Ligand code: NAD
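What follows is one chain in structure tokens, specifically the form predicted alone.
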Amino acid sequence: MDLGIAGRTALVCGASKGLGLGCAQALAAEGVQLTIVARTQEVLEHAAQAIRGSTGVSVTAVACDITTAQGRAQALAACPTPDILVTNAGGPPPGDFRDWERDDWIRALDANMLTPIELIRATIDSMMAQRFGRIVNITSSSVKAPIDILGLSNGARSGLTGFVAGLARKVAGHNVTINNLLPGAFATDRLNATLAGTAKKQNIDLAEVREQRRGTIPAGRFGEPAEFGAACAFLCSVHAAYMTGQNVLLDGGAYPGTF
């Protein structure tokens, strides 16, 4: 299927590895010109070179902390009017809410709620003016099924979800869509950190925790970033113009609900 986005421009955050990289690779395969953002220059540039080599598209790498005003300014200076925006930032650490202070909550909100909102605010008017825009926020399956040790993430990402629900309806008439992608357990560093936190909390072997988690997934495996990226690319396509304000869950069937 031709997604109809060749030649478009995209700003993809957290794109040096994991799910963000999967999204960047999938968009590049469709001919989208990229600006990719992450904190670590060496890892980010390696990802950019790999994408250029495999697809031939233009890739600008901006090493910055997207959760800061300075970092967002750097990213937007490189790509001020993207056709496609993929927001993504590392989730806050796991733990017990009794141990979290106000500053912990503020950092979580800054990274996983306020940063996406600021990026949307900076780019959505140009999307509306040209009558094309696709915004995809990488959130978490915890928005639908909270994970007890990820309370900071549960709260911050749910706040973003509520905000998007209202805004998506206001801009839909301009051919601008905003959707959220909710990953379950994917084979990423984030999953490894979460499993390690569980193992420490329960004082059991990490390999045992990994197998227990795998056993809760009807698909019988962890997801791969490439398949997550494919879902993102579709949401950014011309074929998804009638799909907005949605929370799309990719979790191998782990969520047990009907709705």
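Residue numbers run from 1 along the displayed sequence. It should be emphasised that the depicted structure is a prediction, and the values quoted were computed from it without experimental measurement.
Unshown form predicted in complex with nicotinamide-adenine-dinucleotide; subsequent notes refer to it.
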With the cut-off set at 4.5 Å between non-hydrogen atoms, does G184 touch nicotinamide-adenine-dinucleotide in the predicted bound form?
yes
Heavy atom to heavy atom, is D99 within 4.5 Å of nicotinamide-adenine-dinucleotide in the predicted bound form?
no
Hey, in the predicted bound form, is L235 touching nicotinamide-adenine-dinucleotide, heavy atoms inside 4.5 Å?
no
Might L119 be said to contact nicotinamide-adenine-dinucleotide in the predicted bound form, defining contact as any heavy atom within 4.5 Å?
no
Decide if the three candidate residues T35, S58 and T123 all line nicotinamide-adenine-dinucleotide in the predicted bound form, where lining means a heavy atom within 4.5 Å.
no
Which of 87-95, 172-180, 101-109, 123-131 has heavy atoms within 4.5 Å of nicotinamide-adenine-dinucleotide in the predicted bound form?
87-95
One residue of R52, R214, R39, K200 in contact with nicotinamide-adenine-dinucleotide, assessed in the predicted bound form (non-hydrogen atom, 4.5 angstroms):
R39
Residue (of A75, A156, I138, I135) lying close to nicotinamide-adenine-dinucleotide in the predicted bound form, criterion heavy atoms within 4.5 Å:
I138
Residues in 185-203 with any heavy atom within 4.5 Å of nicotinamide-adenine-dinucleotide in the predicted bound form
A185, F186, T188, D189, R190, L191
